[in-house]
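Shown next as structure tokens: one chain only, the form predicted on its own.
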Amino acid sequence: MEAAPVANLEVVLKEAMSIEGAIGVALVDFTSGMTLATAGGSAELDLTVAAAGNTDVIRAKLRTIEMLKLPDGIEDILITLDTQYHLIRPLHSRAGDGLFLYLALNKGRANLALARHRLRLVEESLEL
């Protein structure tokens, strides 16, 4: 039964890649910056490099929330580039503490609201 989480992870990443406009998705540990799994990507987007860079983004935002003593957590972070959306979604399950999903989307093909909704569902289906 120990193989189930890996199988689930592959299925979940494949589900994320079925989101309209998806370029690539990664599961990342923001405590270490290590990319745990990826799907998709392109010659223009090295998911491992992008995921590591987004680790700095999420750490900075968490520090800011802490300094401001806000009682909120991060639902997701959106970075809008000229041609892409980058969605960063921290996992909210206890087993997913310290992890986030990173989804890169083609801005011209993606429906941002639908992509955010589907990424939330992907997160909920992820078993770690």
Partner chain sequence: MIDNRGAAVEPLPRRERSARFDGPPASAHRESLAGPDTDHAVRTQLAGLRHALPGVRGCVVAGVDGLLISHDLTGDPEPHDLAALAATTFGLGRQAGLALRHGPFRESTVHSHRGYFAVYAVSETVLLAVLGDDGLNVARLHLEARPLANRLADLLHVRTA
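All of these numbers come straight from a predicted model, not from anything done at the bench. Residue numbers count along the first chain shown, from 1.
Keep in mind that the form predicted in complex with its partner chain is not shown, yet the notes after this line are about it.
Engineer: Pick from S42, T31, T83, T64: which residue has any heavy atom within 4.5 angstroms of its partner chain in the predicted bound form?
Structural biologist: Only one option qualifies, and that one is T31.
Engineer: So, T38 and its partner chain: in the predicted bound form, are they within 4.5 Å at any heavy atom pair?
Structural biologist: Contact check for T38: no, nothing within 4.5 Å of its partner chain in the predicted bound form.
Engineer: Evaluate L91 for contact with its partner chain in the predicted bound form, applying a 4.5 angstroms cut-off between non-hydrogen atoms, and reply yes or no.
Structural biologist: Taking the distances in the predicted bound form, the answer for L91 is no, it never comes within 4.5 Å of its partner chain.
Engineer: Even though the partner isn't displayed, in the predicted bound form is A52 close enough to its partner chain, meaning a heavy atom within 4.5 Å?
Structural biologist: Judged by the heavy-atom cut-off of 4.5 Å, A52 is in contact with its partner chain in the predicted bound form.
Engineer: Report whether the minimum heavy atom distance between D56 and its partner chain in the predicted bound form is within 4.5 Å.
Structural biologist: Yes, D56 lies within 4.5 Å of its partner chain in the predicted bound form.
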